[in-house]
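Here's a solo chain for you in structure tokens, the form predicted alone.
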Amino acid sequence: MEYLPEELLICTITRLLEGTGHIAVGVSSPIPGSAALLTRALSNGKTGVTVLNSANLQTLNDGAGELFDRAAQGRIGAFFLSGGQIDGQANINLVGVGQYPQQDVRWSGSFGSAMLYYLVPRVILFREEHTRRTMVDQVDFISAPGTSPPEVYRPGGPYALVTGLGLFHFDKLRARFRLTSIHPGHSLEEILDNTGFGFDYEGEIPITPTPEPDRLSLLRGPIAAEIADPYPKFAAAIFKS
């Protein structure tokens, strides 16, 4: 069954979310948002989903502030973070490129990323672009650190990294990524060439499973209608909804 690259990423993320009690999704996150909704559909409603800036896909009464309260109470099981730069220790940079504060390029800012990174147990890093510009040896500015000293209370942290080329899991003890699977049509050599940090891998690395037909049917049907609420252009372009 034919599928789009976006649908492959959605189904890849969905497998990482199985068994999560409540998934929260930030702004400008149509692919993670679609994966969260697909996870909820597959759980028969056992998984809750909150998508910020959505009229119908959230139950917050006090906006984003309540999201942080829920995270602090242990009521958010999974969240997504990205960054203009991500390094091999799972540090993310949402501030800009160059020496702070006189940076050559300035981005929107860290917002509450550090707090959620510390509190949410399953944080999935997601960035479609996988180049040495985005996957760097060391970020120029740490918006949220991937690891903390042992004495620091930190129930949350990085679980996996999903990019347009492959899937990595994060080893907290080693503070390194491990390449888990390579997306169809790509290769280990391509990932090595386009990654600025070192990572672990062993033997013959599996190919990321392609989307299951039943999940594609859900995506192109009820999920497409739901994700069109916060992301109408995405739904129209990917699902023709």
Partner chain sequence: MILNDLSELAARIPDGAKIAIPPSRSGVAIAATHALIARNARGLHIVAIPTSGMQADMLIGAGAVQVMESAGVTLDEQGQAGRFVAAVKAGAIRLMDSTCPALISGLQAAEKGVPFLPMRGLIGSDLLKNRPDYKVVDNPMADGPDPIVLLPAIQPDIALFHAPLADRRGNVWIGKARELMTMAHAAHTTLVTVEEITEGDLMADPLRAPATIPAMYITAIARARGGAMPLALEGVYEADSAALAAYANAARTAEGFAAWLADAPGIAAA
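These numbers come from a predicted model, not from an experiment. Residue numbers count along the first chain shown, from 1.
Omitted here: the form predicted together with the partner chain. The next part is about that form.
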Within 4.5 Å of the partner chain in the predicted complex, heavy atom basis, the matching stretch of 129-137, 82-90, 106-114, 162-170 is 106-114
Triplet Gly77, Pro184 and Phe197 all within 4.5 Å of the partner chain in the predicted complex via a heavy atom | no
Would you please decide whether Leu60 lies within 4.5 angstroms of the partner chain in the predicted complex, comparing each non-hydrogen atom pair?
-> yes
Please run the contact check for Pro213 against the partner chain in the predicted complex: heavy atoms, 4.5 angstroms, yes or no?
-> no
Verify the contact flag for Ala64: yes if a non-hydrogen atom of it lies within 4.5 Å of a non-hydrogen atom of the partner chain in the predicted complex, no if not.
-> yes
Applying a 4.5 Å heavy atom distance criterion, does Thr180 contact the partner chain in the predicted complex?
-> no
Contacts with the partner chain in the predicted complex - residues in 149-164 whose heavy atoms fall within 4.5 Å = Glu151, Val152, Tyr153
